[in-house]
Ligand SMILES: C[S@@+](CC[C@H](N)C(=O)[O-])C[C@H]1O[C@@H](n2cnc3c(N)ncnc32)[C@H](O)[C@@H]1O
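One chain comes next, on its own, written as structure tokens: the form predicted alone.
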Amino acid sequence: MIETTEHIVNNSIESDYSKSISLEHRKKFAQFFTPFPIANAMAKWILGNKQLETVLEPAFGLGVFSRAILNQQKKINIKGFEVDEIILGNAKEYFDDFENVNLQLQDYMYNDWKNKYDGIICNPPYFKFHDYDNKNILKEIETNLKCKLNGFTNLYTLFLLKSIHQLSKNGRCAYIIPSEFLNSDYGKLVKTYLIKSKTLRHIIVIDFEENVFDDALTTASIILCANDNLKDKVQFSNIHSLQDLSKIDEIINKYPNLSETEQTYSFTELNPEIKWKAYYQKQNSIKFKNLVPFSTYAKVVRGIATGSNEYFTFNLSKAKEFNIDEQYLLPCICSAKDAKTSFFTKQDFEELKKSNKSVFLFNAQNSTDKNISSYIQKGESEEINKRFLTASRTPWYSLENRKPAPIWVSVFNRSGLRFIRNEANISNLTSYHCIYPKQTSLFSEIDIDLLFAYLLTDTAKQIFEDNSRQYGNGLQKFEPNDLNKGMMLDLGLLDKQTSNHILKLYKEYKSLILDNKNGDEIINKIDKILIDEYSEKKRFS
């Protein structure tokens, strides 16, 4: 039973639960709790529906949203769905005396499709697509919404689509979900549905200066929808801290009027095919002319995914322990930290090898060596062969076919992309993506230097940033296609003299780096040449 308002207007219930229940259990059910101030702001959107009688909380947890609503309107009828018996037992201690709160131990995605609600409010579970019953839930969505989705679509967006479908006339929906879908490939079909439904009203992007959820590395968006035909526009807003939540109050109080900002778009202006960060974040590329997709000059693919780095990676002592000859080991950079500068040389590789770092991958197809056979048997006894990736390979211990890439690029970063010239000609795991320059009229093998010189500049990194995915605490991630589809300056337009000048500076930079000196000043000079050549201002000067 909820005895006092003290329990309602803070996260003390969630805090007590987190102390008493293991992190493993909470991760299993993707239990990341919404800060009460955010839950309260979202509840105000729901309460703004003057016809509000019924509310649904599809991932109930400890009922933070229901507490926020009941704090302001005690008579609202609330239904909650929850799949975890333990957390539901805890919730019932607080809600059992509320006759107007009906809690169900059921999976929302498989139940309740026919009912409509005046308000739906939720922080849905966030799982990777292979950690839940992806195929059957997608079937539910396709059957009920007549909407075909990508197999990688995340569960949290499926919750959102179902909830939009369940809005009664004038019903309102408020969701807090990761911003990932706004800028991911699987999000295209989700965004198409949001536009088509004409219910989307606001996307409030909670920016990256702090984590909204203490224990989850993700950024969040608050999605506000209304089934009321009052607007044909969508507004994007950014909030940088919990103190900015008054902006949400302002949005709710003004509705259906919008502040006409640059970040307001009609449904016809929204393009589901692009990353929607273009609508809420200033784009660096607009400062430059003559841009082309990066795929014009190079192809980016992910590094080798082994399925079990612990099994497949080797250092010298492990090779000695299992008597694996070096001919069955593929030289490979196994940790992003092991490449310290912009150039990774044969000498760097030898030093890592001597210091007993993991710099090899088990690579023993078609071998009759008895030591190889016994290491393969060891893998099978540990069921390495039954893991997600290894189970789909024949034989299971074969490596993905990736020739060494001349350039590596970091997958995650906080201070801008890191590009590394792979002069050791070795393979790489997935902490780096592989960049393979294409043979074009501009880029023969020797001109990889020109491309790499460009990639080292702040200009290149800033333009790519337009296509990044953002996570908590300023962490950025790039999938291969984010880079392939990202833009770059069209280096093919440089005249020979300018290209040669850049290449000369690049050689100076390389000498400095290999000599353990700072080369930033040289890169800044290259950057200035490119800005002078491609700046949008130059077109009008």
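Since this is a predicted model, take the numbers as computed values, not measurements. One rule holds for the numbers: they count along the sequence shown, beginning at 1.
The next section is about a form of this same protein that is not shown, the form predicted in complex with the named molecule.
- No member of the trio G416, T457 and Y509 reaches the named molecule in the predicted complex with any non-hydrogen atom inside 4.5 Å.
- Only one listed stretch (346-354, 237-245, 271-279, 83-91) carries heavy atoms within 4.5 Å of the named molecule in the predicted complex, and that stretch is 83-91.
- Taking the partner from the other structure, the named molecule in the predicted complex has a heavy atom within 4.5 Å of a heavy atom of Q106.
- Under a 4.5 angstroms non-hydrogen atom cutoff, the named molecule in the predicted complex lacks G187 among its neighbouring residues.
- Contact annotation for L483: none of its heavy atoms lies within 4.5 Å of the named molecule in the predicted complex.
- Contact annotation for A30: at least one heavy atom lies within 4.5 Å of the named molecule in the predicted complex.
- When the named molecule is considered in the predicted complex, only one residue from I69, M488, I38, A59 comes within 4.5 Å through any heavy atom, namely A59.
- When the named molecule is considered in the predicted complex, only one residue from F159, F181, F362, F464 comes within 4.5 Å through any heavy atom, namely F159.
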